[in-house]
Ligand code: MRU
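We begin with a single chain expressed as structure tokens, specifically the form predicted on its own.
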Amino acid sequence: MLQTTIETIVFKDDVLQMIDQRKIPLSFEHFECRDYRQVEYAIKEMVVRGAPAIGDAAGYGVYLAALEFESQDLESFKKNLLEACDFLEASRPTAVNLKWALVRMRKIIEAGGRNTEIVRRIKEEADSILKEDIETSLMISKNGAEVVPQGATILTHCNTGALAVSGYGTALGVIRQAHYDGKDIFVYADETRPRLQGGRLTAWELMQEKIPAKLIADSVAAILIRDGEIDLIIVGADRIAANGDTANKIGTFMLSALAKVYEVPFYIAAPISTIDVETETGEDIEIEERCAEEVTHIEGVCFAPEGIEVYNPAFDVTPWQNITGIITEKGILRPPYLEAIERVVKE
């Protein structure tokens, strides 16, 4: 039976409390947000990360803004709330769940009503987003476990577990379900440079669940794939275009290309909310570029020569042709993705 004791996000007594993912595995600490500006900081600085969890946090960020502005006249209240939505949305541009959650909030704000009524409906919507995330990740986990053969060795990249959502996980949720189903799996987890989400977070979650695993440097994956040591690859997604092109953590495209050459099944695990039908192809996805220090420093210690220029994209795009299937809460989508995505989004 699939279980989780990790509560990535908890909202209680008008305080948004989240696990500070910058600190794991050296310490387990919580970060508290009492206004929407602190939520924006938490998203931007990756206190909270993973596309679904970012959307969850943003919903409560709008609620905190609503509480702050509730006593204003209606026009000022709505204006400031919409500006708070814009402020939150600008924190990270690639993960579409952020935009998706804020679209739901803007609809409530623009629908109007008394201030107190808008505040109440925003809180209900934030709670719904969180609840849906938990239920969705469970369904993704169950659906995805079907593609995992008995005794499979799985490669995964970045962190897609309970820390990346507010429930069981996406790609790592599939892995956990296969483990609980008694499939006798083994997992290789990429370290995922430059922020080491695989080394710090995925490895930690795998050990918490007692799933047999090894941590590898990103550059080791190629020889494991070449030598037939990997049965399938499962990763998450931050945005899926209408044609199936998928943005995920930097390094994902490289794995997909190797998987295609050596005929290793390559799966994306993500909720329907990660699909952005307004984005036609991966070429239209904005790729976040982060600061140089993420590449030149580890835990504040510089190991690169001073003044070296750095290129640090946080994501890359995997073309749909490299993807065996997209595991969602509504089932597994198969190519051609344009038709499959159009069908499932309309359901």
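Since the model is a prediction, treat every value here as computed from it, not as a measurement. Numbers follow the displayed sequence, beginning with 1.
Another form, the form predicted in complex with the ligand, is not on view; read the next lines as being about it.
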Next on the checklist: When the contact criterion is heavy atoms within 4.5 Å, does residue 237 count as touching the ligand in the model of the complex?
Outcome noted: yes
Checklist entry - Quick one: is residue 197 in contact with the ligand in the model of the complex, heavy atoms, 4.5 Å cut-off? => result yes
Checklist entry - For residue 164, is any heavy atom within 4.5 Å of the ligand in the model of the complex, or not? => result yes
Next on the checklist: How about residue 141 - does it come within 4.5 Å of the ligand in the model of the complex, if we only consider non-hydrogen atoms?
Outcome noted: no
Checklist outcome for this item: None of 179, 99, 92, 123 but one has a heavy atom within 4.5 Å of the ligand in the model of the complex; the exception is 92
Checklist entry - Counting only heavy atoms and a 4.5 Å cutoff, which of 276-284, 44-52, 23-31, 300-308 contacts the ligand in the model of the complex? => result 44-52
Next on the checklist: Using a 4.5 Å cut-off on any heavy atom, which residues of 245-260 would contact the ligand in the model of the complex?
Outcome noted: 248, 249
